[in-house]
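The form predicted on its own is given below as one chain in structure tokens.
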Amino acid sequence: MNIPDKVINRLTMYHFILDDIREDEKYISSTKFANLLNIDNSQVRKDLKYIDNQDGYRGKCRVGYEVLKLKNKIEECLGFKKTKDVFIVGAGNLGSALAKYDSFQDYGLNVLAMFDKDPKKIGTVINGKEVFDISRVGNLAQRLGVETAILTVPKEYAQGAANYLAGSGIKYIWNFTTCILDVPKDVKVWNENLIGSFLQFTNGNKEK
């Protein structure tokens, strides 16, 4: 099923809420989701129809959605249970922080290793992930079957790193840099716009 990016983003937020309350509450209403996320109740119901349409699952009238069942449905719909192995390219502050974010594993994202070109970082271990010389990306990607890389290098090195990744067999790049990458058509890029998200927040804009 083709789910819009904005809906996927909200479904993950619903999952965060469900994960927090699963031990305390059996049901949750669309109104509670809406109040916690400061969005319209109707938007929540529209989003959850993507889950409903999978196999006819519905919330109960005047009761709401069964917490554990909805949590599992979102996991199935978004593929949380299918592990995706990834590399982190750039072992600076941001790359190191992402490597230390253990909750990635709860959503099927498994960081296998990190890469950098700084001799002082190569050979170090960050949260159990060894930092390799970037020249080894291609060999390890092929051996381990990794097609996805998280790019966290400084902006001035981003395009060069992306060129190297594309030439090494990487097909998906999660780009945390502020550089708009120029890559071959068979390489997909997702730009994580941290600055844009911050400006939306400070300007009071609500994503619908």
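Sequential numbering from 1, following the sequence displayed. Keep in mind that what you see is a predicted model, and the values were worked out from it rather than measured.
What comes next is about the form predicted in complex with another copy of the chain, which does not appear here.
Asker: Would residue 80 count as a contact of another copy of the chain in the model of the complex, using a 4.5 angstroms cut-off between non-hydrogen atoms?
Answerer: Yes.
Asker: Even though another copy of the chain is not shown here, does residue 192 get within 4.5 Å of it in the model of the complex, heavy atoms only?
Answerer: It does: once another copy of the chain is placed as it appears in the model of the complex, residue 192 has a heavy atom within 4.5 Å of it.
Asker: Is it the case that residue 178, even though its partner is missing from this view, gets within 4.5 Å of another copy of the chain in the model of the complex, heavy atoms only?
Answerer: Contact with another copy of the chain, yes.
Asker: Any of the heavy atoms of residue 143 lying within 4.5 Å of another copy of the chain in the model of the complex?
Answerer: Although another copy of the chain is absent here, residue 143 would stay clear of it in the model of the complex, with no heavy atoms inside 4.5 Å.
Asker: Establish, in the model of the complex, whether 97, 109 and 174 all lie within 4.5 Å of another copy of the chain, using non-hydrogen atoms for the distance.
Answerer: All of them do, each having a heavy atom within 4.5 Å of the partner.
Asker: Where, among 135-143, 23-31, 161-169, 37-45, do residues come within 4.5 Å of another copy of the chain in the model of the complex by heavy atom distance?
Answerer: Result for this chain: 37-45.
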